[in-house]
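A single chain comes next, written as structure tokens; it is the form predicted alone.
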């Protein structure tokens, strides 16, 4: 699959790629006087529901921001519990993903992840790599600035080897070195939990994405809430720099 085309989607159609920041797990738990890890466990169930819903609707790609490069600043105990939960989810869910023809991709800097987690990621990607259905992308130890920097390094290496001239560096040359280079760009970005920012998530990729923010905490984000986000997306005309009249003519309206 190629990166999102300039024609976009007609109003009323579903997005091909949905990206989500799953915010609010800790606050959900605190409001119930539960430990924060209980919120993260509840959030895993919501993530599983979203995978199923996207599959039902034929949405090709779902990208979930599971752990940012900034989340290492959280209390050490919580970080450790999150990593253990990630391993457990991989061990428990990958077989089901495979049986449902879902391909799993994990993006982010894996060097800081512990060996067991890296092994489970590699095993999961190998098992599901040839699946042709929905693609589930998990961003773990990921940052949009990191992604741009590692792409810049790779472009510089191509120039150093003589494979690319400096004057030929363009958006396409950079895009090819980014995470998700073989997938369509997100059409719809959803952030739960009440914050109105993208928090260093897919900075390059969100350039023309429709942004949807909700106060709903992630564990409470259910089918109805997702339908609301999809309705918001369907109500917007994606112009990619064109006028509304141009897009209407292109769509035969």
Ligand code: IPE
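Positions refer to the first chain, counted from 1. All values reported here derive from a predicted model rather than from experimental measurement.
What follows is about the form predicted in complex with the named molecule, which we do not show.
Contact with the named molecule in the predicted complex, defined as any heavy atom within 4.5 Å, is confined among 181-189, 46-54, 32-40, 224-232 to 32-40.
Taking a 4.5 Å heavy atom cutoff to the named molecule in the predicted complex, the contact residue among 71, 122, 150, 101 is 71. Checking 94, 155, 82, 117 for any heavy atom within 4.5 Å of the named molecule in the predicted complex turns up a single hit: 82. Interface residue remark: residue 67 is counted as part of the site for the named molecule in the predicted complex, having a heavy atom within 4.5 Å.
Using a 4.5 Å cutoff between non-hydrogen atoms, residue 78 counts as a contact of the named molecule in the predicted complex.
Residue contact check for residue 15: none of its heavy atoms lie within 4.5 Å of the named molecule in the predicted complex. At the 4.5 Å threshold, heavy atoms of residue 19 stay clear of the named molecule in the predicted complex, well away from it.
Shown without its partner, the chain has 22, 23, 24, 25, 26, 27, 36 in segment 22-37 as residues with a non-hydrogen atom within 4.5 angstroms of the named molecule in the predicted complex.
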